[in-house]
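Heads up, the chain below is alone and in the form predicted on its own; it's given as structure tokens.
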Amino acid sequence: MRYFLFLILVVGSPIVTAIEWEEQRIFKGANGGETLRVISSTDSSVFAPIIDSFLSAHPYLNIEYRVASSTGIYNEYRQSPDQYDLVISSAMDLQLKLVNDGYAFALDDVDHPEWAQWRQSLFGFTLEPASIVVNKSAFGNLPVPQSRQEMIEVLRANPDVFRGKIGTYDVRQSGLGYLFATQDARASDNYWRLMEIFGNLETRLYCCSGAMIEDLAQGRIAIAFNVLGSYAAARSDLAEKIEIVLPSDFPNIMMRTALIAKSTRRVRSAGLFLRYLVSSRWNDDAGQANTLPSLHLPSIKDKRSIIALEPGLMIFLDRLKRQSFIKEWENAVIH
């Protein structure tokens, strides 16, 4: 499969703040003609095997793939909805709000589980747990925590070992980070106790999983909290250095979701790509190159662990509730 990688310069404006693109990549089919415009929060290095396998079956298409933060995607798409054909994001709540506000095209013929879709307009296609990823050498003889409560105990007992060595999402910037944080806070009071400890230990804050995993790889941090394990698993060079822990107390599993833009002029081609995503055929077609866990992952047996696609997801998007949550989070984490 042929593709080209190039940089985008973003020119700021005193009136409108331009989105900060992390990358843009053009994937060309062998006989590429029509180009689908996809905006996504998933790094192209992670998503490339899926796109390549799709274009192998549909060589008459090209895909323009732009990557930004989940919050950036939400704001950009609302501002310029006619510039994109598909929106893919890990922030389920923001995606649900786009559908609720009429920004998605409905497909009534997609064979997909009811629990993994919303109004035949938003479709989950991966299952990805919020994980604790640790640099094993940094722990030495200390036990690797298998739950949030165990992490609290390890950090309280060894503050000098982990001071400045913990990383997590900056929930003010990361849509996925905010989603995981609000779900954690709803599930247990342990979340706020853990955040207070993070604040006391000078925790580093990140926009996205990729940057967190890179600092973990370089030894700048010892723990990446609530990070996507799929990003860590994608780094074959780290297989012997890290341990990916799915918290045993209350796992949060998000679905990476996709929607078709309401204003797209490429309904047929966009529908082909979305149907390919939800079919999970890419799980076999991409082979070992694929690192994203399929929606039909057999190891996920308890559906109650999966964050539900339902209106309740939008509760914490209410302006006042968000302000209140962010203020409490800042008081705990930022000193």
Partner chain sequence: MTSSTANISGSLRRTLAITLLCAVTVLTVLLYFVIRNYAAQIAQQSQDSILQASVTSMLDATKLREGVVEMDIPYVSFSMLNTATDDRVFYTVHQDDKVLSGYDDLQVPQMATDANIVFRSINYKDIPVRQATASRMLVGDGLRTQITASIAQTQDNLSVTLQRISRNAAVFGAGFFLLAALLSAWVVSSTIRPLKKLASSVTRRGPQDLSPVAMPVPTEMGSLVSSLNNFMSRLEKSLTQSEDFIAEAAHRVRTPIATVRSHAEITLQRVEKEENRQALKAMIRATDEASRAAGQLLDHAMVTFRAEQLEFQEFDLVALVEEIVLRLTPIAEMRYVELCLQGDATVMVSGDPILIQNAVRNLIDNALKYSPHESVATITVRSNPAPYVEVQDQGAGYPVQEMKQLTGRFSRGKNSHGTVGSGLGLTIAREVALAHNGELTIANTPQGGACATFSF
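Note that this is a predicted model, so its numbers are computed, not measured. Numbering follows the first chain given and starts at 1.
The protein also exists as the form predicted in complex with the partner chain; that form is not presented, and the subsequent description refers to it.
The partner is not drawn, yet in the predicted bound form one stretch among 238 to 246, 118 to 126, 221 to 229, 190 to 198 has residues with heavy atoms inside 4.5 Å of the partner chain: 118 to 126. Using a 4.5 angstroms threshold between heavy atoms, residue 234 stays clear of the partner chain in the predicted bound form.
Taking non-hydrogen atoms only, residue 99 approaches the partner chain to within 4.5 angstroms in the predicted bound form. Taking the partner from the other structure, the partner chain in the predicted bound form has a heavy atom within 4.5 Å of a heavy atom of residue 316. Interface residue remark: residue 186 is counted as part of the site for the partner chain in the predicted bound form, having a heavy atom within 4.5 Å.
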